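The form predicted on its own is given below as one chain in structure tokens.
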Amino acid sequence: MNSNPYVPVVSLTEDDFSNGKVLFRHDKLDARYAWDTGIAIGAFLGGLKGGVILGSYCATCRKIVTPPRIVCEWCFRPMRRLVQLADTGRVNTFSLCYVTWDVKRISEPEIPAVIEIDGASPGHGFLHKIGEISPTEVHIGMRVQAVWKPAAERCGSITDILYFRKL
């Protein structure tokens, strides 16, 4: 229903498009973009390239979190100090995954786990994979250590850590 009497409303049909009464264009999207990691994650990824796990320290809450953040999620104060953490930790939780990221079935499971990194505040770490272990041996609380790519192959990505293995 047209609420403005000065602007006529015209309904379009499929025939209007196919008979050329309406101009239109089909275009193929060429989506190119750049993504800026920001200060904290940029430092984290740079640390990984150098074989180091970094966290950020909140002087107000006295929490250390990894991956680092610029603002504390508890007190909302700036987190200005980066700290080097160990490349060891413990398994907080894990799963046995019989499907790859591109939905292909596999017979030997991948083992994604949340790793609480030593030196970070309790409950802080990140998701990564467990390797060099039978799925029946993995357990919550298990101590693990990062297995790094050779330095020449690192590119500043979370995949610079190949996986974590049992200590």
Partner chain sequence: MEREVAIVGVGWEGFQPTTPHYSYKELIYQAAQKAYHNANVDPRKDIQSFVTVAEDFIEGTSIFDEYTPDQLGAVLKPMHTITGDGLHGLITAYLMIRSGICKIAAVEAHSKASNIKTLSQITHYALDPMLNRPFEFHPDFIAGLEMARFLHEAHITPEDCALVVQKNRRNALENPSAPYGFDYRLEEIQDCQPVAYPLLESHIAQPADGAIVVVLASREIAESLTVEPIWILGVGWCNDMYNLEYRDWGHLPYVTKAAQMAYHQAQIQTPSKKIDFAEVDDLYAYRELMSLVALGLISKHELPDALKMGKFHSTGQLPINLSGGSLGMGNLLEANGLAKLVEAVLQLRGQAGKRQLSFPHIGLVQSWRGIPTSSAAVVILASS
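Numbering follows the first chain given and starts at 1. Note that the structure is a prediction, hence the values are computed from the model and not measured. Here, rigid core means the biggest group of C-alpha atoms that superpose within 1.5 Å across both forms.
The protein also exists as the form predicted together with the partner chain; that form is not presented, and the subsequent description refers to it.
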- line: Of Lys49, His124, Lys63, Arg69, the only residue with a heavy atom within 4.5 Å of the partner chain in the model of the complex is Arg69
query: Just one stretch in 55 to 63, 135 to 143, 22 to 30, 103 to 111 has heavy atoms within 4.5 Å of the partner chain in the model of the complex, so which one is it?
result: 22 to 30
query: Would Gly38 count as touching the partner chain in the model of the complex under a 4.5 Å heavy atom rule?
result: yes
- prompt: Would Leu96 sit within 4.5 Å of the partner chain in the model of the complex, counting heavy atoms only?
  reply: no
- request: Answer yes if any heavy atom of Ala86 is within 4.5 Å of a heavy atom of the partner chain in the model of the complex; otherwise answer no.
  value: no
query: Would Arg77 show up as a contact with the partner chain in the model of the complex if we use heavy atoms at 4.5 Å?
result: yes
query: Any chance the CA of Asp27 moves 2 angstroms or more between this form and the one not shown, core superposed?
result: yes
